[in-house]
Ligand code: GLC
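The form predicted on its own is given below as one chain in structure tokens.
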Amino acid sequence: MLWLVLLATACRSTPPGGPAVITLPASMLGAEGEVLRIQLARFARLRPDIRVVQRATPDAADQRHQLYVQWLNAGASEPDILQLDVVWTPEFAAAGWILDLDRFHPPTDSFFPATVTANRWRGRLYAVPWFVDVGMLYWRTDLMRAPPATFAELEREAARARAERGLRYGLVWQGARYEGLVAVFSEYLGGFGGRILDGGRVTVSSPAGVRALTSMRDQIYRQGIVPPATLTWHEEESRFAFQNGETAFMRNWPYAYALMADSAESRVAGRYAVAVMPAESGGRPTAALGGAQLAINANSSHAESAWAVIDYLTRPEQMLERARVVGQFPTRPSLYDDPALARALAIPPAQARAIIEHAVPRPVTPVYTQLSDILQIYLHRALTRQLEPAPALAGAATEMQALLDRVGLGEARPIAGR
């Protein structure tokens, strides 16, 4: 296991027993690793009583999650600070692996509300939002004057672009059987007025859920604007289709924006913008929430020092630097009015903020991963026409509710579709 020790440059005397050593596993590669090293070096000069040790961990989310579970389940006191995916916080909180942070009085009203909601469990805050990620609709500014406000409008514009401009596709999204499919579906679901869960009750098979999944399926087979190949695609296949000028719309994450801006590599450079996904009457524009958060190991021997590190890394000046160096979105709304952020981000901050304000967490529950695994299967069966949308979602709801009931988190029978 690789360890990188950031030695403190003393600007004041350290305690007689030496500095408190805080371990922090995070990415050590590329710009993300570099900006963290720079920030921790500054922190060392400010707080010579605390020494931060970076611990290398896998960048792949599933591998990092597995490693965390091994450490925490064994009751290890290190690492002291954990970088969590947005859907892990309730799982780790319910297991007793991370500390309730309300004791430190974090300024929760300074962050986007959705990022705080995602990090609460049983009304208590267990992680601080570090940077935010959201699903968004990419649209071609050379093909239309404004982004579509409804799914019906999106479908009309996509069909028109194919007919008039000879595009191969109208719209692409991530349709392989993995977490990305659930994120896409959650945006359609919110756009039609539905939810996956309501407390401990599974509501994914509501009429709104059936309409959302039917819309996704019909865009492939009835309208022909989404290619069937999308059902094997992840983020990069979608990006390449949009970047190569093959489609009018793409649902993807913010990372793709800067990658497609180079005219030497992209056929759409300078001819696209982003917006929140559309919605129908009775629904609301919805952006699936992603991003990273920082939490404290419940067995840490230096919780106060760990909090000092988290507090420093999530301050406005560190977020602005991270946006400039890595391109990651701050979790503090106030920064989106700062001219420095406009110089840092590829996406205009006003556009980014408008989308983030529509962010919705995926179900905040300790068993989210298991629920998602079930839902992925049934969504994919419906989209590959093995099942009709209504029975597919009914099957998913039955299994999901059984899981919630089995672990003591269920409240009622699932809502059946019509």
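Numbers for residues come from their place in the sequence shown, where the first is 1. Definition used throughout: the rigid core is the maximal C-alpha set that superposes within 1.5 Å between two forms. This structure is a prediction, so every number in the text was calculated from the model and none was measured.
Although it is not shown, the form predicted in complex with this ligand is what the next lines describe.
Q: Just one of 198, 246, 235, 321 has a heavy atom within 4.5 Å of this ligand in the predicted complex. Which one?
A: Among 198, 246, 235, 321, a heavy atom within 4.5 Å of this ligand in the predicted complex occurs only for 235.
Q: Looking at 338, 218, 153, 85, which is the one with a non-hydrogen atom within 4.5 Å of this ligand in the predicted complex?
A: If I apply the 4.5 Å criterion carefully, the residue I get is 85.
Q: Heavy atoms, 4.5 Å, this ligand in the predicted complex: which of 179-187, 74-82, 219-227, 200-208 makes the cut? Say which one.
A: Single hit among the candidates: 179-187.
Q: Each of 147, 239 and 272 having a non-hydrogen atom within 4.5 Å of this ligand in the predicted complex: is that the case here?
A: Checking in the predicted complex: none of 147, 239 and 272 is within 4.5 Å of this ligand.
Q: Does residue 133 reach this ligand in the predicted complex, with heavy atoms at most 4.5 Å apart?
A: Because a heavy atom of residue 133 falls inside 4.5 Å of this ligand in the predicted complex, the answer is yes.
Q: Would residue 61 show up as a contact with this ligand in the predicted complex if we use heavy atoms at 4.5 Å?
A: Close contact exists here: in the predicted complex, residue 61 approaches this ligand to within 4.5 Å, heavy atoms only.
Q: For residue 362, is any heavy atom within 4.5 Å of this ligand in the predicted complex, or not?
A: Yes, contact at 4.5 Å.
Q: Under a 4.5 Å heavy atom criterion, is residue 291 part of the interface with this ligand in the predicted complex?
A: The answer is yes: residue 291 has a heavy atom within 4.5 Å of this ligand.
Q: Is residue 380 one of the residues whose C-alpha moves 2 Å or more between this form and the one not shown after the core fit?
A: No, its C-alpha moves less than 2 Å.
Q: Quick check on residue 292: with the core superposed, does its CA move 2 angstroms or more between this form and the one not shown?
A: Yes; that C-alpha moves by at least 2 Å between this form and the one not shown.
Q: On a rigid core superposition, would residue 83 pass a 2 Å threshold for CA movement between this form and the one not shown?
A: Comparing the forms between this form and the one not shown, which are aligned on their rigid core, residue 83 does shift its C-alpha by 2 Å or more.
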